[in-house]
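Let's start with one chain on its own, the form predicted on its own, as structure tokens.
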């Protein structure tokens, strides 16, 4: 049943990660949504969207339990990503948190394990714990999330920091600050970026981005939705995208994004409507 044409990008370890995945933020929080969430993830797998991103924070483990049901009997098809709370990321805490995550997911390993954001526990301790998990086969790669350039530089100076596989950040057409310094730094070192909340807008109207006239015009030319164009732009920028979808039609629409080829004129129009900053901007977070 797979129809995917999803491209992959190479991690520093040499392993490949799909460029379109399934996000699970806010999953596992409402029992009435449970079956729909499981079904959506299964549909994504059927279509070839094999990257699934989660975190112990999502539903306080609830999203990981949803995923375990969706991937039952299909673990080898999945590129599985989870994230650890920063206050758990000490030596022993990291090992314990990883074990809890593996238990909820009903698997023996993670493809990628990320520090969700940086707090007070020294990065040396977290990276050392990640290296131990990797040596034990509990995780195949590790990385970070919500790290600005200075954080990445700090991590790179630590023994084992050169093995950081990715940085998952809040990045979309309305939040392009990373393009000034963080994105070039990561590209130079072959560290792919992952974009979470790729369709969110600022302020109270979380979907205002999708109503922008420039996106509507481009979407019409491609017989696509504005959401698909916003996601296609992120792929054009070379980042991995992990939109959340529960409705079946949205899952299918996300797959089609892989085949949308934006033209030079499309990119010019997007840059005019959503200009990238020409100065340092603090990393946006949600």
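In this text the structure is predicted, and so the values were computed from the model without any measurement. Numbering follows the first chain given and starts at 1.
This protein has a second form, the form predicted in complex with a small molecule, left out of what is shown; the following refers to that one.
Engineer: Give a yes or no on whether each residue among 210, 247 and 250 has a heavy atom within 4.5 Å of the small molecule in the model of the complex.
Structural biologist: Checked in the model of the complex: all three residues contact the small molecule.
Engineer: Which of 154 to 162, 132 to 140, 192 to 200, 175 to 183 has heavy atoms within 4.5 Å of the small molecule in the model of the complex?
Structural biologist: Of the options given, it is 192 to 200.
Engineer: Please determine whether residue 25 contacts the small molecule in the model of the complex, using a 4.5 Å cut-off between heavy atoms.
Structural biologist: Within the cut-off, so yes.
Engineer: Looking in the model of the complex, any heavy atom of residue 44 within 4.5 Å of the small molecule?
Structural biologist: Heavy-atom contact with the small molecule at 4.5 Å: absent for residue 44.
Engineer: Quick one: does residue 64 come within 4.5 Å of the small molecule in the model of the complex, counting heavy atoms only?
Structural biologist: Result no; residue 64 lies far from the small molecule in the model of the complex.
Engineer: Would residue 168 sit within 4.5 Å of the small molecule in the model of the complex, counting heavy atoms only?
Structural biologist: Residue 168: contacts the small molecule in the model of the complex.
Engineer: Heavy atom within 4.5 Å of the small molecule in the model of the complex: which of 232, 239, 218, 242?
Structural biologist: Answer to the contact question: 242.
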